[in-house]
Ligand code: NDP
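For reference, the chain that follows is the form predicted on its own, supplied as structure tokens.
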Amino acid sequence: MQKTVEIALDDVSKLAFNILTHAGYGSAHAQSIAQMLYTCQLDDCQSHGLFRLLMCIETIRAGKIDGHIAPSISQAGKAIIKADARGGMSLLAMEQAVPLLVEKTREFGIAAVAVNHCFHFSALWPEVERLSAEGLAAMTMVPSHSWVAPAGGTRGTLGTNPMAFSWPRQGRDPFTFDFATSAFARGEIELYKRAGKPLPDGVAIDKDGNPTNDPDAALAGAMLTFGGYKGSALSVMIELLAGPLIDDMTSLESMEFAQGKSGAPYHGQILLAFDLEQFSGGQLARNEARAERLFADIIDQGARLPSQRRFAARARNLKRGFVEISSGLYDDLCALLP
């Protein structure tokens, strides 16, 4: 059984902030990143929690990112917000753009943020849940590096290409999902490698295009999309909406931009928000009831809604006041401290 270390909730953000600032990130970026890592770790999202500090440090050590650059927020049309990260991490740019997104969504019923020229490493669900907490529905998506083979292919062309969606619910946790269109998240493969565990079937191919359960062979080869051609088509859609549509890179271009250096991928992100009241035609309560009937019928069958386990983990960790990470990861993080 893997050994774990308990970290008090109050210390999670402090640990991340201290590591980030020691590595060269300015306080504004470090705070945004640390808050995202805390949010993910609180929900036991191990692949996108404190583990992601390693990628953040790799990125700045590779000399690719400006840890102090201030984003530029502007409008391109009445309901389109452009958040230029200017070569920084995506999180500060998104954080500064979201208040304007909320304002424009309530004005026009639908609005979007396009984040450009950003390095991206984080989970997506905290950003859409920030909007569902405002009573808005939201979805977001990003490309990554071309680590994923299209259905029937033998080499990486697509990114892991995650997308997230959140729907607000009165007095309840929102309906939220966040998943990669690859069969596995890249971070999950790295965690399997660290744990010395074989991958499940159908996750990856080696450099010769053969199926593999070896994390090292998978990292040297290519990952696979979920659902065959269906997942592959969704992945291509995300490439287009979070790439050419917003004047930013595809996963192939992001991989070329990296020039073989490790660290977070460089690309763009799109975030869309929807005002339920305006779309409902004055029948918000009736349509919220329709949504709740749908959710209730799913649960009545013994099925679960996405993120239920994550919300349960959040409640458990808040009650006990600490989170757990592997002792190996904890040692690696301590080695990054001043």
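Position 1 is the first residue in the sequence shown; the rest follow in order. Every value quoted in this text rests on a predicted model; they were computed, and no experiment measured them.
The following text describes the form predicted together with the ligand, which does not appear among the structures shown.
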- Message: Let me test this: is every residue among Arg106, Pro168 and Asn287 within 4.5 Å of the ligand in the predicted bound form, going by heavy atom positions?
- Response: no
- Task: Consider Pro71 of the chain shown here, and say whether it contacts the ligand in the predicted bound form, taking contact as heavy atoms within 4.5 Å.
- Result: no
- Task: Using a 4.5 Å heavy atom cut-off, state whether Leu124 contacts the ligand in the predicted bound form.
- Result: yes
- Item | is_contact(Leu199, the ligand) in the predicted bound form, heavy atom dist at most 4.5 Å | no
- Item | 4.5 angstroms heavy atom contact with the ligand in the predicted bound form for Ser47 | yes
- Message: Can you tell me which of 157-165, 107-115, 76-84, 200-208 lies within 4.5 Å of the ligand in the predicted bound form, counting heavy atoms only?
- Response: 157-165
- With the partner omitted here, the residue among Ala62, Ala28, Leu305, Leu276 that in the predicted bound form has a heavy atom within 4.5 Å of the ligand is Leu305
- Query: Quick one: which residues from 171-185 get a non-hydrogen atom within 4.5 Å of the ligand in the predicted bound form?
  - Reply: Thr176, Phe177, Asp178, Phe179, Ala180, Ala185
